[in-house]
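What follows is one chain in structure tokens, specifically the form predicted alone.
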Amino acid sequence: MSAVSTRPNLSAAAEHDELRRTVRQFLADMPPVRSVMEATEGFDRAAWRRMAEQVGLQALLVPERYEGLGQGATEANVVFEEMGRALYSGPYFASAALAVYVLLCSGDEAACRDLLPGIAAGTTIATAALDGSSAPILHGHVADLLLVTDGSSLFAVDAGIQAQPIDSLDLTRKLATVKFERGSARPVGKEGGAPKTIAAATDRALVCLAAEEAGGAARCLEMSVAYAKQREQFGRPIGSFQAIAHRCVEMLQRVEFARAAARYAASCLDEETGEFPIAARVAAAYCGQAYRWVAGESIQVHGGIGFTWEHDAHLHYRRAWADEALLGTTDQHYLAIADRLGL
């Protein structure tokens, strides 16, 4: 690992702009989130297959030796920003980021060789239960592969999974309770190595989640500015009023800070700088709070319509609250930062 003083490369690349355009267009052509979020599975499987076949997004973080694209966290940052912006409801984060990072961080070459190609191809939907199987599991009801820990060791389970989706705050991303009725669990990684693997995978997955939160916050800002230009009071657009203008400026500031924090953490990961363990938690803490705050302010800017079921503002607000607690609370991120700084 590089020395702490090594700085990541933050220069923008033209291929990242092209990647953003491609992903944004693909997500725009998918069925609207409201048309799938109330279905049992909560996402469109045909669109999931097209995502793998046409764009190859499920393979993004999988190394080439396991039949993936071998891209880094910076490219994933672009994709997850767009996922958050579109409120994508499928198991992309669970399978293409969380499960992939758990397998890679386990250091188990045989497990990676056997399991990652299916994830990369989109034919295997994977998820991880980092707190054991007793807690609700992200997209557990559609998972073909579940990575689970008994607190000491890590196991891969691909049969005998009985899952039931449950109601949760985030209407656009489902959780499930899981029971194991038959089949066997395959050990992954070294015996007793689960805590270290989970800690490393969590840091990496948090960078993807931070980018998603930044993208969601950016979309809330876009909706707010568009509405402030359109909605009139006393014969003037409400955006011309100081109270609304100042609120939108504050939203913009937090969105840009969130995007910067997520991108910096991704760059630290790609460059393997010594700053990454702290940068990951800084991004997680800031982006989670920023998304929740911006989503709340977006509802206020939209006024009466912002509180209605028909408007997407509440979907972002729900996603923001759920994301902020998905892989640890803000307080836990702060404690991790303090611990890593030796405070």
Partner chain sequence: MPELPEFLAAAEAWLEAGYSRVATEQRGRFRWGEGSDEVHVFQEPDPVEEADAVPRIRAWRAALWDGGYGWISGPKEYGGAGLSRSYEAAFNRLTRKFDVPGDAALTVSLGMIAPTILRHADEGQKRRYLPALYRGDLIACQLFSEPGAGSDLASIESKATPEGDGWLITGQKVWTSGAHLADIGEIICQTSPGPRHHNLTAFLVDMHAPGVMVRPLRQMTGGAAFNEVFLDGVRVPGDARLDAVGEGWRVALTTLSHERSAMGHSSFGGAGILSTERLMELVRHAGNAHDSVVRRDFGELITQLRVARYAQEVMAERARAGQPPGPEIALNKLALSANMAALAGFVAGVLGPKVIADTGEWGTYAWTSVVLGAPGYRLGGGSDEVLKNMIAERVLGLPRPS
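Numbering follows the first chain given and starts at 1. Please read these numbers as outputs of a predicted model, since none were measured by experiment.
Although it is not shown, the form predicted together with the partner chain is what the next lines describe.
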{"item": "Contact residue in the model of the complex, chosen from 179, 236, 113, 182 - any heavy atom within 4.5 Å of the partner chain", "value": "236"}
{"item": "Contact residue in the model of the complex, chosen from 260, 163, 223, 157 - any heavy atom within 4.5 Å of the partner chain", "value": "260"}
{"item": "Segment that reaches the partner chain in the model of the complex - one of 274 to 282, 65 to 73, 23 to 31, 51 to 59, heavy atoms within 4.5 Å", "value": "274 to 282"}
{"item": "Interface membership of residue 169, the partner chain in the model of the complex, 4.5 Å heavy atom rule", "value": "yes"}
{"item": "Residue 150: touches the partner chain in the model of the complex, heavy atom cutoff 4.5 angstroms", "value": "no"}
{"item": "In the model of the complex, residue 200 touching the partner chain (heavy atom, 4.5 Å)", "value": "no"}
{"item": "Contact test in the model of the complex: residue 43 vs the partner chain, heavy atoms, 4.5 Å", "value": "no"}
{"item": "Residues from 73 to 106 in contact with the partner chain (non-hydrogen atom within 4.5 Å) in the model of the complex", "value": "none"}
